[in-house]
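Below sits a lone chain in C-alpha cells, taken as the form predicted alone.
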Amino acid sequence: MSNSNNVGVKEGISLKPSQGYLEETVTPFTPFLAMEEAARCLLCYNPPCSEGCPADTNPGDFIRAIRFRNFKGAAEIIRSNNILGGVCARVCPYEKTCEGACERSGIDKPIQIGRLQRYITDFEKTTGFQVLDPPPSTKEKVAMIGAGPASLSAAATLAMKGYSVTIFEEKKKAGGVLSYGIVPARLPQYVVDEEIEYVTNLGVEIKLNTKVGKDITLDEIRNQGYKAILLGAGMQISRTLDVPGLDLEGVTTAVEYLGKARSNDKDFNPGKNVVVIGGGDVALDCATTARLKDAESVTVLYRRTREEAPANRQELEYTESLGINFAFTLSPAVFEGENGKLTTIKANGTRNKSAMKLEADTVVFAIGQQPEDFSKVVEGIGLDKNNFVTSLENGKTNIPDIFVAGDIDLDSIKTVVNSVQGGKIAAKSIEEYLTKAGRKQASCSPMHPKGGK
C-alpha cells in the first residue's frame, strides 16, 4: 500500500491528512488487507495478545476467524466479550496491551489488532448482523449513575443475564468521555451513538438530563425498587495549576474545551494562538482539536521529556505532522493579559534554567481530572482524599448495595478499555450480591402448610 499521501506512518498504520475536524484519521482496512494482515498471525497456542487485552476481547480468536474468512464469527467473539468493541478498536492503547504482547514483534512488527477489530465492527454494522439476543428482563432492577463506558459495559452484561437496568445520566447525551472528551478524528460520534444503541437494544434504559443527587435522590431510586446501584460517573472536575493569571478569560480546561467542540457549539472559538498544558492523550486531543478547528498556532507544553510523555506514540507523531509545536521540560509560570483577557504565557524550565514566552489567547489545562464529591450523593461511601471511591474488591464498596466501576474507582487504570473491564467485573459482583440476597429472602419466607397453595 502506497504511503505517498500519508502524513505519518508507524508500523504500517496509515495516517491520512484530515479534511476536517469530524473526519476519522486512521485509514480503515479493505477486506483483502484485513485477511492479509490476519494471515500474519502465528496462531499461538496461548495467544499473548488475548492475555494482554484488559477487556478480555480475545483478539487471538477473532484474528483466527478473520484469517479463515469467518467475519461473522469474529464479530460474535468481539461483541460477546466487549459491548464497546467499535469504540475500543479506535481508542485502546494497543501498543501497551495486545499489540505490545504480540509474538510477531520478535520477527518484524505486531499484528495490527486495532484495525482488524475496527474492520470487523464496521462489517457488523454495515451488514446489519445482530450478535446478541438478550433474554426477557425478569430479574431485579439495577440502577447506574453515569452513562460512560463502565456503566454501559456493566449494563450490557447484566441485561444479557435478564436484569432490568436503568442508567441515570446528567448530560443531554450518553457516552461520558466518549461523547465529550475525545476528538472525532480518533472517535467519530456516529460510532459512539451506534455502540450506545447496541446497549439500549438489549433493553437498557438511559434517562438523560437526570443528575442523581439533584433531580433524583439515592433514596428515591431505592424506593423505586432498584436493588443494586453502580457508581460509574467518571471524573468531572479538571485539575489546574496555581499559576498567576488563572482567572483570565481564555484560560480553560480540557473537559470544557473538548466538550464544547464535540457538541458542535456554534459559539465555540478554538483560539488563534493556543497553548495546551499536558503530555497525555487528552492533551493531544485538545491540540488536534485546536488545529482542525483552524487555530493559527498550537503549542503543547509538557513538564517532562518527549520520551516520558504518556501519550500514544502514533497519536504523538500524527499531532506533530499537523504542524503542532511541542515544548518539553517546561511548565507555566505566569499568565499575562490585558483588559481581563489572556495575551501571553511565560514558562520556566523544569530541568534547567531555560524560559519561554509565548503569545496566547487560549490556554487549555489537560493535566488530569478528578471525581466530584460523591459523599454528597451516597452518604457514608468510602472516599480517598481526592474523592475517588475506595472499592473493597471487584467493584464492591463499604455499602452492600453500592458498587463502583471506571475512572471514579481508586484502583482503576484510567482508560476506556479498563473501564469496560471494570464494568464487567462490577456486573459480576452485582449478580452475586443479588443472587445471594434472593436466596436469603427465600430462606426467610414462611413455608406454606401442607396441602396449601
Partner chain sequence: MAKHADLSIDFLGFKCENPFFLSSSPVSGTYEMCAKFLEAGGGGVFYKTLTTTIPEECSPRFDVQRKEATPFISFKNMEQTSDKPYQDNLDAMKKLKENYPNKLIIGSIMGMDEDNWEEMARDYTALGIDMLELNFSCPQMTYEGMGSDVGASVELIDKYVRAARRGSNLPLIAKMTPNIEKMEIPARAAINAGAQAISTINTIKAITGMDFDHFTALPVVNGKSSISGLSGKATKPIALRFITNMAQDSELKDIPLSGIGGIETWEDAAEFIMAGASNVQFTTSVMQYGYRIVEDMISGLSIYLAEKGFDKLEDFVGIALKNIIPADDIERDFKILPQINYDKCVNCGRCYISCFDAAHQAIEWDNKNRKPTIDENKCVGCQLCLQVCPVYDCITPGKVLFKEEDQFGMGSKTKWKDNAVNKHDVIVGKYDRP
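Computed from a prediction, not measured in an experiment: that's the story for all the values here. Positions refer to the first chain, counted from 1.
Keep in mind that the form predicted together with the partner chain is missing from the display, and what follows is about it.
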>> For the partner chain, considered in the predicted complex: do all three of 258, 326 and 365 come within 4.5 Å of it, counting heavy atoms only?
In response: no
>> Is residue 30 part of the interface with the partner chain in the predicted complex - any heavy atom within 4.5 Å?
In response: yes
> Does the partner chain get within 4.5 angstroms of any non-hydrogen atom of residue 394 in the predicted complex?
Replying inline: no
> Any chance residue 263 has a heavy atom within 4.5 Å of the partner chain in the predicted complex?
Replying inline: no
>> Although the partner isn't part of this model, could you tell me whether residue 335 comes within 4.5 Å of the partner chain in the predicted complex, counting any heavy atom of the residue?
In response: no
> Though the partner chain is not shown, can you say which of 428, 64, 414, 40 has a heavy atom within 4.5 Å of it in the predicted complex?
Replying inline: 64
> For the chain seen here without its partner, which of 371-379, 268-276, 312-320, 124-132 has a heavy atom within 4.5 Å of the partner chain in the predicted complex?
Replying inline: 124-132
> From first to last in sequence, which residues of 65-88 have any non-hydrogen atom within 4.5 angstroms of the partner chain in the predicted complex?
Replying inline: 65, 67, 68, 69, 70, 71, 72, 73, 76, 80
